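Here we start with a single chain on its own, the form predicted alone, put down as structure tokens.
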């Protein structure tokens, strides 16, 4: 049987069916990618918004509430609800800004760092296995596709995170 893998040149002319399969693959991959953290968070009455907040606070310790709002693209009310829970439960600490007393700088507590590590370990294991199975060229191509799908402003935010090396 002939190899059914499309060549690089034929990928420039994708059919609607091929695009639909790609959309569906992303949907199911996202479900798999979030399943492990969802199971961990379920017993804590936390959801994906909590996970995202914990992830980006860990990624940029001391980030401000305003910066987190920009990264997550959620309403202030929604983020405040999530942060209030994380602070009350001892996972996040909000420190008053040194220069601007109105700012709140967010840091994970030891308990928050422990939860972040558990959540990230689960996702890293899944990503590592998928990357190994796909190979280095596929990994590079996957990243290119993801970055190309980002709106320009989101790509700038992502590249800013990537370059911060945290």
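Residue numbers count along the first chain shown, from 1. Since the structure is predicted, the reported quantities are computational estimates derived from the model, not experimental observations.
This next part talks about the form predicted together with a further copy of the same chain, which is not shown.
A heavy atom within 4.5 Å of a further copy of the same chain in the predicted bound form is found for one listed residue only; from 141, 47, 97, 61, this is 141.
Judged against a further copy of the same chain in the predicted bound form with a 4.5 angstroms heavy atom cut-off, the residues 40, 79 and 106 are out of contact without exception. Put simply, residue 111 is far from a further copy of the same chain in the predicted bound form: not one heavy atom of it is within 4.5 Å. Interface membership of residue 65, defined by any non-hydrogen atom within 4.5 Å of a further copy of the same chain in the predicted bound form, is ruled out. Not displayed here, a further copy of the same chain is kept clear of residue 87 by more than 4.5 Å at the level of heavy atoms in the predicted bound form. With a 4.5 Å cutoff on heavy atoms, residue 71 counts as touching a further copy of the same chain in the predicted bound form. Annotation for 141-155: interface residues with a further copy of the same chain in the predicted bound form are 141, 142, 143, 144, 145, 146, 148, 149, 150, 151, 154 [heavy atom within 4.5 Å].
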